[in-house]
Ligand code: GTP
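Shown next as structure tokens: one chain only, the form predicted on its own.
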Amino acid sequence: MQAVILVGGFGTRLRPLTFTTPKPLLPIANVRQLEHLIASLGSAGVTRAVLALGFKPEPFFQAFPDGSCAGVELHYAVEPEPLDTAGAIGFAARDAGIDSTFIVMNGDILSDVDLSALVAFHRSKGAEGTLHLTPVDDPSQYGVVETDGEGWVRRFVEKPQPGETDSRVINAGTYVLEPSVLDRMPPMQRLSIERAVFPAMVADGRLAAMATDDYWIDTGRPDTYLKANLDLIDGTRSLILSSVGPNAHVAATASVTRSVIGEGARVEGGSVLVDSVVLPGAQVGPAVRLERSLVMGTVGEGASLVDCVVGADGVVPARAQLVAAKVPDPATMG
């Protein structure tokens, strides 16, 4: 089986981290997010993953020089212009010659859903497409999905008001599709699968959905990206990964609580890290305090950061006191 992974976005919400690294290549507990995702596909029998690329494709070529990841063969489909979700899926599937049932995944989610079970459900329904759904506490912030008792999608309700729907499940960004769906995606046409293709499939009675309550997170914001890291080291998920990457230096007098230290990063003496992620190669000077922060650049001696994001080119001066800051500020960047 093959899969298409949508990894061509700009990663706007995660700037300044994504100024230098595409979002799917950012590490989560010292393993690149894309590797987490492809490993889950591989465990479900996917042997070839098609990366639907647009913005900054070169880092993906460099990240996987042998053309494989987690034992899965990679195919690169680089769209010549932004084609939105359906356009990107159609371009990638045609570029890779997909002609049988395939999986589509957004590149900015982590999920423990049983993909084999999702494919089996799809086939049992004889559907043209099947969505994975996940519950949320506040459906008013999302587009929710209503299904009937047989698992067929009835309608989508965007950011519902109180009383507008009883549904509390949303599109979780993983789909199983038949190649006939490509007929709904004209080549090289900018088209949204969520706003155009799925509603058309609902109208034809061809779109099914399976809801599960597995672990699921959209990693596209600083707070959720941080949470995804911490969830993999604190026992929230069944899979627990190392919190300290290879060749990292953490001084004996540093205090590190529920935090991740990336490969080759340095944390000097007297520093206190709480609920934070120090990304690969970052430099945290002496007596620094980090709380709920993401650091890819350099933090000077005695600085204090709370709810901050420091990009690869970011330098926090010694003894700076920052709260909810982004360094450099994306608003001032081109």
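Fair warning: this is a prediction, and the values are worked out from it, not measured in the lab. Counting begins at 1, following the sequence as shown.
In what follows, reference is made to the form predicted together with guanosine-5'-triphosphate (GTP), a form of this protein that is not presented.
Though guanosine-5'-triphosphate (GTP) is absent from this view, in the model of the complex it lies within 4.5 Å of a heavy atom of just one residue from Asn106, Thr224, Ser111, Ser167, which is Asn106.
A single residue from the set Ala282, Ile28, Val46, Leu53 has any heavy atom within 4.5 angstroms of guanosine-5'-triphosphate (GTP) in the model of the complex; that residue is Leu53. Here the chain stands alone, but in the model of the complex its contact with guanosine-5'-triphosphate (GTP), taken as any heavy atom within 4.5 Å, falls in 75 to 83 among 75 to 83, 93 to 101, 259 to 267, 230 to 238. Contact check for Leu34, His36 and Gly42: none of the three has a heavy atom within 4.5 Å of guanosine-5'-triphosphate (GTP) in the model of the complex. Put simply, Lys326 is far from guanosine-5'-triphosphate (GTP) in the model of the complex: not one heavy atom of it is within 4.5 Å. Proximity of Gly314 to guanosine-5'-triphosphate (GTP) in the model of the complex: non-hydrogen atoms within 4.5 Å are absent; the residue sits far from the partner. Using a 4.5 angstroms limit between non-hydrogen atoms, Pro16 is distant from guanosine-5'-triphosphate (GTP) in the model of the complex. Within 4.5 Å of any heavy atom of guanosine-5'-triphosphate (GTP) in the model of the complex lies no heavy atom of Ala127. Of the residues in 1 to 16, those that come within 4.5 Å of guanosine-5'-triphosphate (GTP) in the model of the complex through at least one heavy atom are, in sequence order, Leu6, Val7, Gly8, Gly9, Phe10, Gly11, Thr12, Arg13.
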